[in-house]
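Given as structure tokens, the chain that follows is alone and in the form predicted on its own.
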């Protein structure tokens, strides 16, 4: 007979499976509709009986340019975010700076500001600087989202690094920058990967900055491309869902490859 502990575990497992199925059902429905020829999502069958890849072929032809734009913007945002956030996190973790608590509070506050507020503010600034409809404008805009999060993640991790490491380097004659570059950065690899991954995901999934800071068809992220694509394909959702599946592949691949680094980087500063 099952003991109470076994019954409790079985019940928890069943509940977990049901919740997981509910959360993954939209993903299944997206893939399901993308493999069916046409029609609306509501009229699609629950299982793809006549599988066709015409939607993927059409989506790839129409959305390749937008995918390239999103990749350039996302990688650029990662580079800018890490270039700014890494030394800033090191300074917050190692030096006793006046007003550091206020600065950290401002970083947290920046994460709570709605994207539309930041986008509208940047529109006026970028219009004066000539950065509208440019890769540089989208990269800088998305970096404003990634930098605060990266600083918070990396500063927490770097505070858990024993000060003796940098002190030993200083005794050997290394300056602050050399100790930072040669000691702190390699040791902080997990937090760097975590911060970089989330900066990539922020930029890859961005819609608000793309909608606000681009007005032409030459530079358009994939999220905005899907939005425009949907307006012209409301009677045939196959290509739309295929575009969504294709656009989700880079994020899924990165998450699978970097999942062990994410766990170590996010929790590295929790326990000393």
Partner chain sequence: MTTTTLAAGSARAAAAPGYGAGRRRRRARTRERTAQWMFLVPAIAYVLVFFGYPIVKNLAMGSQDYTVRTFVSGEAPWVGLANYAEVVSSSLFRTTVLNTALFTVGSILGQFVIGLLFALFFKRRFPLGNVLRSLLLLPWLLPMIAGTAVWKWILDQDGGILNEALGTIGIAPVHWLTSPDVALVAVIIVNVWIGIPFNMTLLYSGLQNIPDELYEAGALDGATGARAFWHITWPNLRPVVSVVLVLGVIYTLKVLDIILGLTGGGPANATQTLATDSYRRSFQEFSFGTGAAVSNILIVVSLVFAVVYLRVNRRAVDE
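Because the structure is predicted, anything quoted here is derived from the model rather than measured. Numbering follows the first chain given and starts at 1.
There is another form of the same protein, the form predicted together with its partner chain; it is not shown, and what comes next is about it.
- Considering its partner chain in the model of the complex, the lone stretch of 187-195, 81-89, 160-168, 67-75 in range is 81-89 [heavy atom distance within 4.5 Å].
- Though the partner is left out of this view, residue 175 does reach within 4.5 Å of its partner chain in the model of the complex, counting heavy atoms only.
- When contacts are judged by a 4.5 Å heavy atom cut-off, residue 143 counts as touching its partner chain in the model of the complex.
- Shown alone here, residue 147 lies within 4.5 Å of its partner chain in the model of the complex, counting heavy atoms only.
- Heavy atoms of residue 95 reach within 4.5 Å of its partner chain in the model of the complex, making it an interface residue.
- Taking a 4.5 Å heavy atom cutoff to its partner chain in the model of the complex, the contacting residues in 15-29 are 15, 16, 17, 19, 20, 23, 24, 25, 26, 27, 29.
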